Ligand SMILES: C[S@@+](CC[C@H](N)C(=O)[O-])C[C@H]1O[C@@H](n2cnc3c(N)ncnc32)[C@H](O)[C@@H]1O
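The chain below stands alone and is given in structure tokens; this is the form predicted on its own.
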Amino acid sequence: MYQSGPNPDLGERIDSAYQCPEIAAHRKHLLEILSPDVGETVLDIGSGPGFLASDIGRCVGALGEVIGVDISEQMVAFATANNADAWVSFCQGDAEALPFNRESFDVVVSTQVAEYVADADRFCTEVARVLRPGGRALISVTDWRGVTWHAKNEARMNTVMNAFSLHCAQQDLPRTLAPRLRNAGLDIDRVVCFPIVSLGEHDGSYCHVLAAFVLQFMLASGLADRKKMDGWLDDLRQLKKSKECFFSVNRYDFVARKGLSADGWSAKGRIIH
């Protein structure tokens, strides 16, 4: 249900946010696009609870290596505690100043991170810096400006979502990410749109998870009082009861590649003819 009371503990919040069907489907979609090879070295920037990094780890196997880096000490601890593979590890670090040498990874992946970074150009530069020649990157970002969320009180929903836009440094980053990646030295192979659509019929659906996050952000930042947010939640509850919920937002997955070095060597050290 839409909760207005105390939040569950960290583990429950993580499971709720990252294991809901819509996000799990996007994670599977990313893995299909990335198609990691056995033996590859992979960096996951903003690895969060480590679910995607662990999935990638099963693909690259013990001959490869996956490192997840996240700015949150709590997330790093959670991911480390729930990881079983020795070749998958997690560390704390800043996406704008990655703690790795240049050309260290065959693959760089980052999901729902770049739009929260203050300097998106610096983020792209760091992705290119740590990527080996011939290596590939998969950067997934949300178009927060394009959210569609049905409400009986549309004026209140618009007010809440306009204020909520402050939770993100670059809410319309998908529109400018391609030239930013190119300016950093990467070539764009393709961009894939992944729509997240939620009818809110189940407690664990994405719009329920997002509603809890919106509530927490709005109250913690002082952008709205409890009375206003309780009214907003009650609107959503009534829509759920009458099966009229609708939520939609697009995620854009940018697949990029770093050019070969001058002597024609690829990321794995094989000459490309």
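One rule holds for the numbers: they count along the sequence shown, beginning at 1. Here the structure is a predicted model, which means the values were calculated and not measured.
What comes next is about the form predicted in complex with this ligand, which is not displayed.
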Answer among 105 to 113, 170 to 178, 129 to 137, 145 to 153 for heavy atoms within 4.5 Å of this ligand in the predicted complex: the stretch 105 to 113
Check Thr159 for me: does it contact this ligand in the predicted complex (non-hydrogen atoms, 4.5 angstroms)? no
Please run the contact check for Asp189 against this ligand in the predicted complex: heavy atoms, 4.5 angstroms, yes or no?
-> no
Quick check on Gly57: any heavy atom within 4.5 Å of this ligand in the predicted complex?
no
I'd like to check something about Ser72: if you look in the predicted complex, is any of its heavy atoms closer than or equal to 4.5 Å to a heavy atom of this ligand? yes
Checking Ala95, Val141, Val88, Cys124 against this ligand in the predicted complex, the residue with a non-hydrogen atom inside 4.5 angstroms turns out to be Ala95
